[in-house]
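A single chain comes next, written as structure tokens; it is the form predicted on its own.
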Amino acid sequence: MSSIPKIVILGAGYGGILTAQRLQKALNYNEADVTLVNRHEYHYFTTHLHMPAAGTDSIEHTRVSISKLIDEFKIDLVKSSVQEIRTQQKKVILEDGTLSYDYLVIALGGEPETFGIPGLDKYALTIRSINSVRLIREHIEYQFAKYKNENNAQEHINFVVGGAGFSGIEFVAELADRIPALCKEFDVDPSMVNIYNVEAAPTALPGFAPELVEHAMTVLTKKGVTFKIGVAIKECLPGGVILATGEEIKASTIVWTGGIRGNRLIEAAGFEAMRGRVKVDEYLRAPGHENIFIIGDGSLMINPEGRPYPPTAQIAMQQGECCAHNLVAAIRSQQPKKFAFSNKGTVASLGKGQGIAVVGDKKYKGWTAAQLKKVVDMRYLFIIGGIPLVLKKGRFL
């Protein structure tokens, strides 16, 4: 019987792929058996999905084959969906088999959080995967076609986006940029199109300085976005939404970007979780399980100010690197290291040539921030795939 420890990584998102890549560099030959499980053969860039969803960029710029990111002589890639995690048996049940593990990394990503709003899970679209992005893009184009074929029914060219955080703002920016081309293609008067961005919180883009938020809203308002800030969506209907104020917005397209929760498989496995997120220890381990690490959207960590870190790609990447280090340390009976988040800055795109950014104590907006966004994207491409991936997938113009 082999005594080589088995490491199973669930999910090839930002955290999972970084964990796998760091393990294949750090582990010696036959020091561990590493398996990476993912439902698709590709890794996709979640922070880029808003562009192909709106139709302003190609889906191919948003994904890369996992086989190009890992050494399959060192990492065994299993394409399958996880059905169940059995911690007592140290097993993971897949749709087509079972994997046993000695060490488990749960990096399954998040799911849309609907906050119990009636009809949202049934009638709203979400930006969460390559397939969902395809659906949104085709749905939007179809609405323009229907508008011209159904007596110019206004609801077909009304668009409601729930949530004015990163995803919501970046998506409405790209959608606003796409509208002129769609109007030209389908012979629609641009002045008839309405984009509503609805946010229950008192401000858009939480975490940014007020002057940057004001700049973002000014830019997007000029592009044709109507903001409804401090107003919750009360109910989602087949033909629109009802707001907490009682106002009804008729729309055939509702896109929900208003929140992320952890994967439901985490709760089903018996971990104590809040909205699917587990409060991990300083070494990224699940409470009571020294052999199970949870990173990315499924993890909950508290910052020095006493608030949870937002579930961003940046923190997932850093968790992946730390997780790999601590797995190697566990195998070699060495001391693990505590996770310490290093904030490299925050950038939000506002469409072509526009953005806002905070790097250290400096604030940027406009063209400079837009270029910083490209730098951030290319830095990630370089980290996971070197210069060849930057040249293939990078956006230079």
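Numbers follow the displayed sequence, beginning with 1. Note that this is a predicted model, so its numbers are computed, not measured.
The form predicted together with another copy of the chain is left out here; the points below concern that form.
The listed set F45, F341, Y364, Y42 contains one residue whose heavy atoms approach another copy of the chain in the model of the complex to within 4.5 Å, identified as Y42. In summary, among the residues H139, R285, R275, K228, the only one with a non-hydrogen atom within 4.5 Å of another copy of the chain in the model of the complex is H139. Using a 4.5 Å cut-off to another copy of the chain in the model of the complex, not one of A216, Q314 and Y380 places a heavy atom inside that distance. The stretch among 261-269, 292-300, 237-245, 124-132 whose residues place heavy atoms within 4.5 Å of another copy of the chain in the model of the complex is 124-132. Using a 4.5 angstroms threshold between heavy atoms, K74 stays clear of another copy of the chain in the model of the complex. Although the partner is absent here, S81 lies well away from another copy of the chain in the model of the complex, with no heavy atom inside 4.5 Å. For K148, a non-hydrogen atom is located within 4.5 Å of another copy of the chain in the model of the complex, even though that partner is not displayed.
In the model of the complex, E185 approaches another copy of the chain with a heavy atom inside 4.5 Å. In this stretch, 371-391, not one residue has a heavy atom within 4.5 Å of another copy of the chain in the model of the complex; the partner itself is omitted from this view.
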